[in-house]
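Here's a solo chain for you in structure tokens, the form predicted on its own.
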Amino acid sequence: MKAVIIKEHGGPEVLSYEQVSDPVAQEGHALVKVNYCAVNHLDIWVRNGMPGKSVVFPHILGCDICGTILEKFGSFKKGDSVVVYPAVDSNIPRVSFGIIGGFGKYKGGYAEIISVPKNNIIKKPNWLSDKEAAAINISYLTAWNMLEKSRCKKDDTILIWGANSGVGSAAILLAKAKGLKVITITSDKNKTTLAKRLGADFIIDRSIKDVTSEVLRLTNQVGVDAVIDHVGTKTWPVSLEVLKVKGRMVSCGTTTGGEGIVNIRSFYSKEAQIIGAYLGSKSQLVSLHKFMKLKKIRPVIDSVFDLKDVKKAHQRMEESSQFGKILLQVSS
């Protein structure tokens, strides 16, 4: 089969499109022909390498997978369209779970065929295209989990960083469908225009205005009920500062670094909470599919690249040029 492998950590240049051996399904596993696989920041982190985390080379990235079953099992027939729930058991102490194609033993979806636990396979909702289904399993599920952990109720105000990102755009769509008032952050005029189309109530272009001052102005100096922060080092101080009394910051990502600065006095004096969110459960993914169908929400897709052009896809994400999900077409 054709696949993109990495034999060492590094930049996009380490991504190699090659002919490799087909996987063999172990007991309790199934083979899936991959049609589309979305690109996520996790792919970038694994490709670059992170201190204290390792993979066995050659490794195959990719955790956002939609495809077809190659051999029947249980209620699934050969040729059924499916999505792959990305979480697997973690072999790392004090880590909730691992991710297929991430740091761990499971090879990912940058390949024509993948072997995954049978329990991770979910029937693809027939109202979603294969492209759309591949865009949901990571970013939309993470955003859904973060919104649930935020405990926001209708008419609450939430700040969502990075409207152009997968998690950011997903969170805006889902938050508006839940009846929340959304403040979001962009970095240029074009992204501001696109964020308006998602339905955000207020959009702050951080290249023009100070985010802290503007959020407090928009909330009459009260602050927001919750913040969705998937950015990390650069945004944590602001995220905590703009929370109202008893506000919640929900964090899931470290795209600008993994060390956060906390103003401890501000944190405890407003009795704020910092809540971690790591993907979401399989049952949450099923519930998310139902919610998106009910609310007629379609995932935002930025672009689709052929698998052999994966380097271009990674470069687009690293430049933060996208608005929505970047997809790889693996099989036609």
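In this text, all values refer to a predicted model and were calculated from it rather than measured experimentally. Numbers follow the displayed sequence, beginning with 1.
There is another form of the same protein, the form predicted together with a small molecule; it is not shown, and what comes next is about it.
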query: Stretch in contact in the predicted complex with the small molecule, which is absent here, among 87 to 95, 119 to 127, 194 to 202, 180 to 188 (heavy atoms within 4.5 Å); finding: 180 to 188
query: 4.5 angstroms heavy atom contact with the small molecule in the predicted complex for Phe305; finding: no
query: Thr219, heavy atom within 4.5 angstroms of the small molecule in the predicted complex; finding: no
query: Partner contact for Ser320 in the predicted complex: the small molecule, 4.5 angstroms, heavy atom; finding: yes
query: Distance check, Lys72 to the small molecule in the predicted complex, heavy atom within 4.5 Å; finding: no
query: Heavy atom of each of Gly162, Arg206 and Leu279 within 4.5 Å of the small molecule in the predicted complex; finding: yes
query: Residue (of His289, His41, His29, Lys270) lying close to the small molecule in the predicted complex, criterion heavy atoms within 4.5 Å; finding: His41
query: The single option of Val231, Cys152, Val250, Leu173 touching the small molecule in the predicted complex, heavy atom within 4.5 Å; finding: Val231
